[in-house]
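First, one chain by itself: the form predicted on its own, in structure tokens.
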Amino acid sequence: MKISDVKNIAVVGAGNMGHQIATLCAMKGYKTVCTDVKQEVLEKAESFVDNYLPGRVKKGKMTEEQAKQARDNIRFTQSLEDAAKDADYVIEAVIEVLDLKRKIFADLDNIAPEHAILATNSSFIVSSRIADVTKRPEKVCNLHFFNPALVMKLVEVVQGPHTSDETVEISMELCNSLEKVPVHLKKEVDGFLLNRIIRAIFNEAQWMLEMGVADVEDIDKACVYGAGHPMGPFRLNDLTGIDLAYTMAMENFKATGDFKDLPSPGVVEHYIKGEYGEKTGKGWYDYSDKK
């Protein structure tokens, strides 16, 4: 199999990451099917596409013909079988729960063509914890996009001990065709590349907050105006989702048993209150007046 053989892409999960990845694939010429079990999530995803593409035209970023072609390239369905039966490449982008991902990959293995690559967008669950439910472990890898997927250039291609060089090569070339910047991780490591660095910064930021060294706003300002980061760790956490940070930490703790991997008291407090960040209107910051 070569990158030229990849014509049809299935994206499993139509949430924020999933529908952006699907939109990107459609814009770059791939026939794309996005699936989710929740109809309301699919409707929201389709509404996003119907607003995003005309917005790109209005800003002069693409022509009306290009927008029309991209819209024709993407469709949405609740049926996993409908989405994956003709796929050459599948990207799973559901919530970070291992058992759910394993169930989806087992189903995909039975549905998708034998040549299809099955990738997970997971930001911390390595594909070796999923690949064994399939009969094609050599075609399973992590393909980790960053949020927002339509904007962020970096994609981490993580090669597990089961992943073939061919799968890595095709995945890297797919990212290039999507005008992303792929980096190849030659072995699986907790947190992958960038998130390990970001996690270290966020953990230190939370420690300084809880010790009363500085408040959220000043810690973020220090990272932006001193270290040149595009946004501070707390603002970034609000963007990616405090619920995701909590789930990732708990899953990591289950795997390691190390108490230092537990979510911080501040993350736990926001999670219990349902304050997940921008998507709920409140997190480390208040977004109640943001449309």
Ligand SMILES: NC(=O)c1ccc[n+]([C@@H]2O[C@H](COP(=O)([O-])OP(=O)(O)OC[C@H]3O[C@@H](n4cnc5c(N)ncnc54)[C@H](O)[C@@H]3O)[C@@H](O)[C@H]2O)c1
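Note that residue numbering follows the sequence shown and begins at 1. Remember, predicted model here, so these are calculated numbers, not experimental data.
What comes next is about the form predicted in complex with the named molecule, which does not appear here.
Undergrad: Exactly one residue in Ser123, Asn73, Thr134, Gln159 has a non-hydrogen atom within 4.5 Å of the named molecule in the model of the complex; which is it?
TA: Looking at the other structure, the residue within range turns out to be Ser123.
Undergrad: Just one of Ile104, Ala205, Val140, Ala84 has a heavy atom within 4.5 angstroms of the named molecule in the model of the complex, so which one?
TA: Spelling it out, the residue with a heavy atom inside the cut-off is Ile104.
Undergrad: Determine which one of 48 to 56, 34 to 42, 61 to 69, 250 to 258 lies within 4.5 Å of the named molecule in the model of the complex, judging by heavy atom distances; exactly one does.
TA: In short, 34 to 42.
Undergrad: Although the named molecule is absent from this view, report whether Met17 comes within 4.5 Å of it in the model of the complex, heavy atoms only.
TA: Met17: contacts the named molecule in the model of the complex.
Undergrad: Is Ala222 close enough to touch the named molecule in the model of the complex, meaning at least one heavy atom pair within 4.5 Å?
TA: The answer is no: Ala222 has no heavy atom within 4.5 Å of the named molecule.
Undergrad: Does Ala93 reach the named molecule in the model of the complex, with heavy atoms at most 4.5 Å apart?
TA: Yes, contact at 4.5 Å.
Undergrad: Residue-level contact is defined here as any heavy atom of the residue lying within 4.5 Å of the named molecule in the model of the complex; does Ser128 satisfy this criterion?
TA: No - in the model of the complex, heavy atoms of Ser128 and the named molecule never come within 4.5 Å of each other.
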